[in-house]
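We've got the same protein chain twice here, in two forms, each standing alone as structure tokens: structure 1 and structure 2.
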Structure 1
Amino acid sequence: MRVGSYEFKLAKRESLTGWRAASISILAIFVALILFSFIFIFAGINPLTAYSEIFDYAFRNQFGLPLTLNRFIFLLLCTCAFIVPYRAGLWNIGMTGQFYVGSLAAYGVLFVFGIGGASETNYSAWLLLPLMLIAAALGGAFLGSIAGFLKGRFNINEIVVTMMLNFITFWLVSFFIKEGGLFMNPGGRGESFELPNSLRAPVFMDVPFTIIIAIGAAVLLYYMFARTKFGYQIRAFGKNPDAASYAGISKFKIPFLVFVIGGALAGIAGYHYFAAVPGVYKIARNYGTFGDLAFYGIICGLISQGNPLAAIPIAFLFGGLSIGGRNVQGKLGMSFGVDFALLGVLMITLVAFQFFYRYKIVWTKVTKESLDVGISN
């Protein structure tokens, strides 16, 4: 394309530096927020007012900030659950289901110990808390392993399988907590029994210890991808599975293991949201909307380009945006789902920006001679 005496051309990027990738990602978020301001304009609200409300509540308010941090832990775990298979070229969109099974497994421990529905227990928290956490991780890992196994052994599309598992587990949670299910709250409001007081997760300034697990997982994964043989094998498999298998990397082991790891992380998110976040301490009646928020993990994972360290600030930002969005919805009288609408707009903007990770626009001044010849290549 020619504008004035400049020739604009698209050129494929040979390589992409970390900083360049980061600046594209930041630009994408910025553009999405500008696009999203139309939602506020249509609702008759000044976007600047709305955004200042969102950021104020999410990052500076004494009630909002703990909510943001709790959402951040959840998102970071879900993002890591997405990233591990993503680096192997596989799509885990089953964080939702793994999240559900993780929370069911955590409450399953209480059920097995016979303290379902009790408000106090004699069992030590030193015994039960680790057990709940491990059960949640194992539950999520089990669900992930189904998709990994089917992909590795039979090459079945993991997107369809993980999505099917999301729906299956969604109804399984209902089966357990509603209409006479094993984990039903005796109050009968369609939610699970409550966690005994003594088993509440230790919190520091309203933030449970799971924050250490989430950040620790992100750091460890970064180290794994950068420095270990296994991390290298995952990346090699992600670039080209056939070439990797010629080099002796198992076509079964990699898909299976990345889904096990991813599932375990999303399972821990299930423990976090329903057994560790202050004020919840049960599998809520509207668990579906929490589960659907796990899809933010896809966006965080894509925007951070599969880098677990980059995912930390992004998950924090998106955690704040979703909390602030929900708050502004109530405060300014908008209808339900502002945080979901933001999810959608961020996602589609990001898809458009994927282009710039692969191409760049170059422009050159057209010299006199080539204008005279008039032939363009």
Structure 2
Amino acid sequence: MRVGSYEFKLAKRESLTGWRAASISILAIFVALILFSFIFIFAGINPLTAYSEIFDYAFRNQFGLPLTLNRFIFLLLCTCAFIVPYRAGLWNIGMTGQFYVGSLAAYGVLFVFGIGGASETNYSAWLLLPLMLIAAALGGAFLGSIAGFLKGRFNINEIVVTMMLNFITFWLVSFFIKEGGLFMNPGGRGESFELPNSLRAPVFMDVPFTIIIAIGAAVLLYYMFARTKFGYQIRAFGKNPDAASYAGISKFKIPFLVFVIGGALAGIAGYHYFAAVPGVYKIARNYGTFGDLAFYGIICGLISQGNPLAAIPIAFLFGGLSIGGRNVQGKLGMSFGVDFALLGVLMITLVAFQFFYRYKIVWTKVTKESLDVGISN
């Protein structure tokens, strides 16, 4: 295409540096915010005022920032749960189910020890807190292993399996917390019993210790993919399973293990949201809403191109915008769903801009000689 004396064309990138990818993502974020500004304008609100409220509450406010960090922890764990199978060329759509089973397993530890939330006895936190965390990881890993086993042994589509498991576990949670369920609230409400004070996760400056686990998991995964034999096998399998198998990499072991690891991380996300977030400390009756948030891990994983370190700022941004969007919705009197709409526009724009990860726009000045050659041809 020629505009004036310049010719524009698309050229495929031979390589893409981390800084160039980051700059493309930053540009996409600005474009998304500009596009969403029209929503504020149509609502009669100055976009600058709205964005000021969103970012101030999410990233500076003494009440909003802890909420952002808690949401960030959850999203980062779910993102890592998606990234591990994704690097093997597989899709973990089952973080929601693994998240549910992880939370049930954590509360199951308390049930086994006869704790139902009604008593405030000072239980041995040094014993039960690690057991809850381990149980959550094992519960998520177990559910993930089902998809991994079926994929590795029988080549059954992992997307179908994980989606089916999501539906099954959604109703499994309902069975446990509703009337007559093992984890039902003593008051008869449709939610689980509350954690005793002594068994609530350690919190530092309103942020639970699970932030260390989430960031640590992202760093360790990056190291695993970049420096270890197992990480190389995962990447090789993701590039070409048949060639990887010919080189001696097991077609069963890789799918099975990546889903076990991904499931364990999603299970820990379940522990975090229902056992570590201040003000929750129970499997709430609207647990389905928290489960839906796990799907944002897929988007964060795709935007980060499967890079666990790049997923950290992306999950933090998504967490902040979801919290800030919900706040501005009430403060400025906007309709319900502003936070989800904002995240939706942001996701669509970021995914669309991934086109420029593979292609670049090249423009060259058209000289008189080139024009003469074009005419003669």
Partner chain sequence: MWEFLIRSLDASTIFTIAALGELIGQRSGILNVGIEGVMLFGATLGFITAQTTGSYLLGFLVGIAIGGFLGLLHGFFSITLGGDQVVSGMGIWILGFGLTTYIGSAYTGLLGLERIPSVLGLSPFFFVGIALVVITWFVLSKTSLGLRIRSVGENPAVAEVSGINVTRTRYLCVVVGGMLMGFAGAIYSLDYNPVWSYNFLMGWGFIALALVFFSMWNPFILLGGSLLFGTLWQLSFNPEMVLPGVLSRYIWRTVPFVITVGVLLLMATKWFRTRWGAAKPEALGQPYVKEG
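Not measured: the values here are computed from a predicted model. Note that the rigid core is defined as the largest set of C-alphas that superpose within 1.5 Å between two forms. Numbering for residues begins at 1 and runs along the sequence of structure 1.
- In this comparison the chain labelled structure 2 is the form predicted on its own, and the other chain is not.
- With the core fitted, the CA of Asp339 sits 3.0 Å away from its counterpart between structures 1 and 2.
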